[in-house]
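Here's a solo chain for you in structure tokens, the form predicted alone.
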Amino acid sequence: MNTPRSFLFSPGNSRRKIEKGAVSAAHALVLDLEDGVALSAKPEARAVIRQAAQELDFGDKLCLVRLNGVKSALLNDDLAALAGAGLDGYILPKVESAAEIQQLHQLLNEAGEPDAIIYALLESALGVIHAPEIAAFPTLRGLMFGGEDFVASIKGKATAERSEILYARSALVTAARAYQLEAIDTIYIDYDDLEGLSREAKFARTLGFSGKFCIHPQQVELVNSGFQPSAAEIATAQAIVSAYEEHFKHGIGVFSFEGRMIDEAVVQQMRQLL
């Protein structure tokens, strides 16, 4: 899976939930050392994650760890416990500057993991404002959005429509795509509202996100399908590309297709979909 769509969280101190995640349809499993684990349980969680990483078969899914942030004073302990465990990479939370990614990158070099995947999780107003400089860091794989923390940081109010995070989502996607990075959308906290999740995943795709966090295994399939073009979309895209190529042979760069004006920009979107 070159571009994972579903990122399923599993608390790092629960071997049972990690095992369930390992056999799920998620494209990436996020073993959590941060908010999902109480401070007193973090040493145990590090040991559980290390053992699980060495013993379990995760198939072709990415196995990532959400570390504790740079400002937490726990990051060094996290990496000391996990280095060499065979993890694919790490998510650094609450990122607000490129310097934080640089610090993690240096620590990974010192730990003998210079090629580990790094995702930056942006969860505050400052993080979103600095998204372009964070995205420019050369070894970063993607930007991730933490919507709930972001709303708290702007002293906003969560709504069903999620309009309060639209600007931040768009800003994060724009920064990520400007540097050819993945862009991962925030969690959908009502895990029993599968219809709402389906709508949100499809909407996130229209904004340019490449994937989305999941907090429950039942969300995974809907997220996967939400970021997958439908058969009708594929058929339309193929027809438009074919029509464009035929018109192009005759020196026509702009034409009408089923009531739509088609030019090279539209065709580029269709080719990306395919």
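The first residue of the sequence shown is number 1, and the count goes up from there. These figures come from a predicted structure and were not determined experimentally.
Below: the form predicted together with a further copy of the same chain, not depicted.
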4.5 Å heavy atom contact, residue 170 and a further copy of the same chain in the predicted complex: yes
Taking heavy atoms only, is residue 235 within 4.5 angstroms of a further copy of the same chain in the predicted complex? no
Close approach of residue 239 to a further copy of the same chain in the predicted complex, 4.5 Å, heavy atom: no
Taking a further copy of the same chain as it sits in the predicted complex, is residue 261 near enough to touch it, meaning that at least one heavy atom pair lies within 4.5 angstroms? yes
Taking 118, 198 and 224 as the candidate spot, are all three within 4.5 angstroms of a further copy of the same chain in the predicted complex by heavy atoms? no
Tell me which of 68-76, 110-118, 82-90, 144-152 has residues with heavy atoms within 4.5 angstroms of a further copy of the same chain in the predicted complex? 144-152
Output the sequence-ordered list of residues from 182-220 with at least one heavy atom within 4.5 Å of a further copy of the same chain in the predicted complex. 187, 189, 190, 191, 192, 203, 205, 206, 207, 208, 215
